[in-house]
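Just the one chain here, the form predicted on its own, laid out as structure tokens.
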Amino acid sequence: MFSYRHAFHAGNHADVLKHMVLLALLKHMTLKETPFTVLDTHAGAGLYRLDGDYAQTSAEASQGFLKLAQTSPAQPWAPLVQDYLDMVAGFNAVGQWKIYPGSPFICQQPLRGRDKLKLFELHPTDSKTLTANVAQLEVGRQVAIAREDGFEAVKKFLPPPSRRALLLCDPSYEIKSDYGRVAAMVADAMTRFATGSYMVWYPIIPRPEAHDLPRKLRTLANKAGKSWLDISLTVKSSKLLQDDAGETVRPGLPASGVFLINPPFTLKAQLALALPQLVQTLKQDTHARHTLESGG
């Protein structure tokens, strides 16, 4: 149950998409003075070393964040891309890319005095590391950490006292049942707090549950009469390959998506500028592309 460690994948192309969108949502929420709460169901360790053993094992950041950071674009980066690069740069010395922030630190950065961040992480090692990392921020009760099942734990915080919240759900989907649990959690959360903002990351892989999840979320949003955005980034083909010995080799994660319910109305236009740049920079073969669909 606890075999997945995001440290092996920190800064990959899925993180680039997910964290760019997350940062855009957070910046939009700070435009209003009313405080808000962020709920992160699968927080991870919070900070990751790109030069550490875990990240170096798979070197996924070299085809993700590091590739983006080390590229000089022909045209200036779209505002969402530049904001994302600037955010990560804030965790590193000038000209160095050794630290990659996970969602807890991305979420905490724009918080104001009365805003709150609730972090849930079940993995015993990651939960312990997360607690130690957050302690360095010295932000007191603004950030709360619980070693609980985030799918269930978020229920007691919806709706929040301020009636403003962003719920982020990005499990590893290592357990097949996670797909169903995500849909069930969002359905329950929307009955408790219909005006909340919801962000779900999902992998795009050859598995029926993975393809069903965004369709289920779309149905939930449509039935509730809520607006939605479905964003995907593909960097390579999902076809199985063969090595020189004729053995089948899995290509790794080829694509991922982010589904948003009640997104900012300005976000689609901003993404339309940013996504083509991500495809151009992070593509690994001719199958690279993006999609951007909306409704509600």
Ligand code: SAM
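Every value quoted in this text rests on a predicted model; they were computed, and no experiment measured them. Note that residue numbering follows the sequence shown and begins at 1.
Below, we refer to the form predicted in complex with S-adenosylmethionine (SAM), which is not included among the displayed structures.
Next item on the list: Please determine, with the chain shown alone, which of 183 to 191, 81 to 89, 143 to 151, 208 to 216 has non-hydrogen atoms within 4.5 Å of S-adenosylmethionine (SAM) in the predicted complex.
Entry: Contact-bearing stretch, as computed: 143 to 151.
Next item on the list: Using a 4.5 Å heavy atom cut-off, state whether residue 36 contacts S-adenosylmethionine (SAM) in the predicted complex.
Entry: Residue 36: no contact with S-adenosylmethionine (SAM) in the predicted complex.
Item checked: 4.5 Å heavy atom contact, residue 64 and S-adenosylmethionine (SAM) in the predicted complex -> Result no; residue 64 lies far from S-adenosylmethionine (SAM) in the predicted complex.
Next item on the list: Determine whether any heavy atom of residue 259 comes within 4.5 Å of a heavy atom of S-adenosylmethionine (SAM) in the predicted complex, and answer yes or no.
Entry: Flag for residue 259 set to no.
Check: Does S-adenosylmethionine (SAM) come within 4.5 Å of any heavy atom of residue 6 in the predicted complex?
Finding: Yes, contact at 4.5 Å.
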